[in-house]
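Only one chain is shown below, in structure tokens, and it's the form predicted alone.
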Amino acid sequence: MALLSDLINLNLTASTPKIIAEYIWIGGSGMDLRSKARTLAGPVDDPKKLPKWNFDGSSTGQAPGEDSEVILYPQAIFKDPFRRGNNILVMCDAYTPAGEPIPTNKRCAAAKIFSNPEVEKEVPWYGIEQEYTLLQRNTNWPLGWPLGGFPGPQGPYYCGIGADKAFGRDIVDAHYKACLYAGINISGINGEVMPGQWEFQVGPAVGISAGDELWVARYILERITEIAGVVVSFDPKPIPGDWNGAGAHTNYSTKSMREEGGYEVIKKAIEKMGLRHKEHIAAYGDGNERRLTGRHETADINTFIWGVANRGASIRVGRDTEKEGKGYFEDRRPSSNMDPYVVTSMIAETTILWNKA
């Protein structure tokens, strides 16, 4: 009798041209990812060639029971690192049967901003630093922490190595390679300041693709932790007290910022960001007030400051950007549970389209 692992790893390409497409969407909470699979007649590499599909929105908090059908529109395709072969992951957004985006569909509004000619002309680049915490499944206590107790103080864990400093590296490395396999532009990983907390970076990615890639990277991470029997948390402050929170620092530049004289463009953009600070904070994730306290490498949630090489600022400009007179800036305010469609499009809207007058 075949082992379960043998069957899971069956190579279908030798016996059938059919493939499996895993349709992924964002559920009613705005952070719960959902997915289901369907069989297609053969390989597909263009989301426009994929069929739309539907799901029961009353079971995900996205539609009433008496009119529960929600339609999935395929938007981006990635290689499936779990089934491999020609099988694919499909990032979707959700609409009513009449073709209207449902309230939790944040991608649609973001796509409109990114398709604006003024935004397209500026070719906005994003690099998102996604922090997260690995938790023991039965206790919801960080991986590697003594049950009901605490490890030694922060200090040796950031980018640390060793069994007493790095907890869950096998999960992190599996996720890194799976994202590369999928075609996500994951640019790195590192252990974070709080033990049991890690970070991966997605980018540079242009426009709407930054949101697509980050959501699918999150999906892959949740699938891997499911296999490992570990829980992944995107809570911005999973452990109260003298422990670092978890953010999603968003690095950003436009064509004008990357060219000669770009530093002046950056400073004007940051000025605009400061004028809309409260609007941005309101859209940058739930529970962020527990993280943005002015401590643990954050600025206070009610204060907007920026600085060069200042990790206690709302927005940080790198030394290289200042020296070269062009480059990018880092918005340090987004929380780990932010919606990348909302954050990336809002930054583009504020810096390119919004008129402070």
Partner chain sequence: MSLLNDLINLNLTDSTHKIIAEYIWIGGSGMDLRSKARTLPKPESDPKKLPKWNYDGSSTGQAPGEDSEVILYPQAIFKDPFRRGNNILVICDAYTPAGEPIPTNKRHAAAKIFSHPEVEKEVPWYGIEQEYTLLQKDINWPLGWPQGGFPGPQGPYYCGIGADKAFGRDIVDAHYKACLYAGINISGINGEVMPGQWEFQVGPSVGISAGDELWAARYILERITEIAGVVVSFDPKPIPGDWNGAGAHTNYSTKSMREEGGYEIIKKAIEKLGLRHKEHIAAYGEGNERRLTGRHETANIHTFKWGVANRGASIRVGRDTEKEGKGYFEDRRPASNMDPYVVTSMVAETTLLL
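Bear in mind the structure is a predicted one, so any value in this text is a computation, not a measurement. Residue numbers count along the first chain shown, from 1.
Keep in mind that the form predicted together with its partner chain is not shown, yet the notes after this line are about it.
For this session: Quick one: find which of 320-328, 286-294, 299-307, 62-70 has residues within 4.5 Å of its partner chain in the model of the complex by heavy atom distance.
Result: Going by heavy atoms within 4.5 Å, the stretch is 62-70.
Exercise. Looking at 223, 258, 268, 277, which has any heavy atom no more than 4.5 Å from its partner chain in the model of the complex?
Worked result: Contact check passes for 223.
For this session: Identify, from the list 240, 162, 103, 97, the residue with a heavy atom within 4.5 Å of its partner chain in the model of the complex.
Result: If I apply the 4.5 Å criterion carefully, the residue I get is 97.
Problem set entry | its partner chain in the model of the complex: contacted by all of 7, 33 and 56, heavy atom 4.5 Å | All three within 4.5 Å in the model of the complex.
Exercise. Does residue 229 reach its partner chain in the model of the complex, with heavy atoms at most 4.5 Å apart?
Worked result: Yes.
For this session: Considering only heavy atoms, tell me if residue 3 and its partner chain come within 4.5 Å of each other in the model of the complex.
Result: Residue 3: yes, in contact with its partner chain in the model of the complex.
Problem set entry | Contact label in the model of the complex: residue 48 to its partner chain, heavy atom within 4.5 Å | Although its partner chain is absent here, residue 48 would stay clear of it in the model of the complex, with no heavy atoms inside 4.5 Å.
Exercise. Is there a heavy atom of residue 38 no more than 4.5 Å from a heavy atom of its partner chain in the model of the complex?
Worked result: Answer yes; at least one heavy atom of residue 38 falls within 4.5 Å of its partner chain in the model of the complex.
For this session: Would you mind checking 134-153 for residues with a heavy atom within 4.5 Å of its partner chain in the model of the complex?
Result: Stretch hits: a single one, 137.
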